[in-house]
Every structure is written in structure tokens, then in C-alpha cells.
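Single chain ahead, written as C-alpha cells, the form predicted on its own.
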């Protein structure tokens, strides 16, 4: 009988200095507790979102890990002229041995923002997959039941020209306004909310593009490219096009979100989608288009506007910079309300294009003006005199 020779190898010696060895009151806790939750109990959304994007004012002891060509790093707070409490405090001086302690959490008032939609990757994919699935089912059912044959001729012309034109608005703002603004925002809460807003607009543009292709296949003589000429040269759309392009040129990320979600969408987007298309379509034999347009309207009215209201309420009620912020926001209101009302009035001729007319343009404009005025009041801002145009 042979015995195996025991090999001489180093034996592990535990000294209780290794990672994870120390036992403390929360050592077996599976939730994070370095932040104060918005409600009594922290949510899963907060666990996966709060301070995912770090802040050297708090405990990022080595400073920003990346920077720009001008020497600034990370997410400079001067990318907007609006301020939240603590914005003027300097970043803690960082040097070897300085440790990670900065200011108490939250480092500035920017970190107090919580998206009331509690959007993050899982919820975003789940929500949008449900929207797309429902739209596809509606369109497939319409195709099988020959519903598109019920459309009158003038309504076909209206959809191919005007619904396609709005696709350019959704695509342009989604890709060049919201996607740009979310990169400039200072916390991961803002990044998530604004990037979801961006993807809502891009998905809405894609919905309209795919719908346009379906109509090209299903309706004889439907001109799927008519929207290109309309967007480039139709006088009725040049006001909307001008304002949309001005919006994408905004450098201040807060102004971009404010001008688009507080001013442009309530006064122009809702006017077109809700007061025109969704009213006129059923009167002209079309019960499909309202479901496509209605999905985008729900995105804005029930989700994107909700986070926007929460974001700017914090700034107009800020304990240090409320007056500063209100002054700037009122200036932005004056500028963009004038532009939005001008663009809305330029659209007026398309109200007469369907055979069976929607409610009067002035009635629709009054409805969105009233909603806009209520929103502005909720934000503790002054209703701009330009609204009287």
C-alpha cells in the first residue's frame, strides 16, 4: 500500500484584515443607506440610480477621472445659468492623503431631484416594449379589417403631409436636444429622466416612420415622401421648423428642457396632436392614427411633463437661489412663448384641410393656453404677456 506524499504549500492565515472581514451593524444589509430616500422607505429605483454618477464634492477623493480640452472635468455646474443650493461652494481640495470626505450628502441641491416616474433601464424597456406591441396590434388589426379603406381622400392627403412633417420634430428634438441635454445634467437622476425623454421622442418618430411605410403599402397612391417637401417648404410648417431648429441650438441644458417641455410641447405639440389630429381623425373615418399619436401624447403629458415639473419646482423653491432662478426662467418664458405662439398660429391653415373639420383653431389654441398657464403657475412663475397673442 502506497501513501501519497503531502506537498508542502503555504497555508492561508486569516488576520481579520481582509476585505469583508469586519462586522458592523449593517454588514449584512442588502440595501444602500448612504442617501436619504424621498419617502419613508427607499425604492429600488433609488438604489440603482442615486449617485451612480459620482460627485467630487461628496467623496470622489481623486477628483474627476476624465476631462475636456479646456481642463475642466466631469459635469461642470456652469453648463446652466440656473443654480441649486450649494452650487457656489468650491469643490474640496484633493491631494494625496486628503481622504474622501467632502460635503455632507447631498453635496448640492441638484442631488435632491428624484424622478417621480422612477425610470431606469428595466422600467424603460418594459414600458416601451408594451407601447410598441400595442401599436403594432392596432395597425395589424386595421390592416386585416381593411380600415384604411374608410379614409376619405382629403384625409389621406392630410396624413401623408402633416403627420409625416411632425416626425421631423420628434426626431430632431429627441436626437439633438434631449440626448445632448442629458449629457450635460449634473446628476444621474437628471441623466436618466432626460435620456428616457429623448428615447420617447425617438421612438415616437420611429412609430410615425413605420406607420408611414404601412400606409404606403395599404393605401393606393399614398405618397410616403410628401412630408419631405412639406417640412422643407410648406409655409404652414416653417414656423414650427424654425422653432424646432432654434431649440436644438440651445447650449444651456436647463433652458433646453424648459423651453421644449414647459413651452413648446404644451403650446405646439399638444395643439397639433390633441386639438387637431385626435379630434379630426375619427370624423374622417380614421380610428388608427389617434392610437399612434396618442401614445406620444401620453409619453409627454403623463411622464415627461411629470419629471419636468418636479425638476423645476425644486429650482423655483430653492432655499438659496429661488429668486435667481425665477428671474431667469421668466425671461426664458417670455422668449420661447413668443416663438411658440407664432409657430402655432402659422399652423392654422392645416385646420381647414380635412373634409370634416376639427373644432376651431382658436378653440384649440385657447385650450392649450389655459393648460400652459396652469403649468406656469404651478412652477411659481409669471404667466408671460406674450400668451395673449
Partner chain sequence: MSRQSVAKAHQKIQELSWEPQYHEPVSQYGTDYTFRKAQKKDPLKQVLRSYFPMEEEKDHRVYGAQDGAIRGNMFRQVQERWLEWQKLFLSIIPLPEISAARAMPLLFRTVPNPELHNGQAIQMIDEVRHSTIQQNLKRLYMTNYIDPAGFNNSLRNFQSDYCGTIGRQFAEGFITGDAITAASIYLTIVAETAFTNTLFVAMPAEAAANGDYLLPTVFHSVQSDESRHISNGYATLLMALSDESNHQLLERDLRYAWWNNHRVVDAAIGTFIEYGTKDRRKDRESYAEMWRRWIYDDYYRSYLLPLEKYGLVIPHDLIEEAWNQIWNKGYVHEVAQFFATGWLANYWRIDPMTDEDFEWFEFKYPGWYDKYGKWWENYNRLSMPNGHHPIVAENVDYVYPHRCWTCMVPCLVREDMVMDEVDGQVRTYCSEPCHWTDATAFRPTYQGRETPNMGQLIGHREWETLYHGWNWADVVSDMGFVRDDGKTLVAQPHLNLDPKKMWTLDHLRRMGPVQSPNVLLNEMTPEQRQAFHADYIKQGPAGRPAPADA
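Everything numeric here is computed off the predicted structure, so don't read it as measured data. Numbering follows the first chain given and starts at 1.
This protein has a second form, the form predicted together with its partner chain, left out of what is shown; the following refers to that one.
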(message) Does any part of residue 38 reach within 4.5 Å of its partner chain in the predicted complex? Heavy atoms only, please.
(response) no
(message) Would you classify residue 282 as touching its partner chain in the predicted complex, given a 4.5 Å non-hydrogen atom cut-off?
(response) no
(request) Using the partner position in the predicted complex, report whether residue 172 sits within 4.5 Å of its partner chain, counting heavy atoms only. (result) yes
(request) Using the partner position in the predicted complex, report whether residue 141 sits within 4.5 Å of its partner chain, counting heavy atoms only. (result) no
(message) Under a 4.5 angstroms heavy atom criterion, identify the one residue in 212, 289, 275, 162 near its partner chain in the predicted complex.
(response) 212
(request) Find the only residue in 153, 89, 133, 298 having a heavy atom within 4.5 Å of its partner chain in the predicted complex. (result) 133
(message) Does its partner chain, in the predicted complex, lie within 4.5 angstroms of each residue among 117, 310 and 327, using heavy atoms as the measure?
(response) no
(message) Heavy atoms within 4.5 Å of its partner chain in the predicted complex: which stretch in 96 to 104, 80 to 88, 264 to 272, 314 to 322 meets that?
(response) 96 to 104
(request) Scan 107 to 125 and note down the residues that get a heavy atom within 4.5 Å of its partner chain in the predicted complex; none is a fine answer too. (result) 120, 121, 122, 124, 125
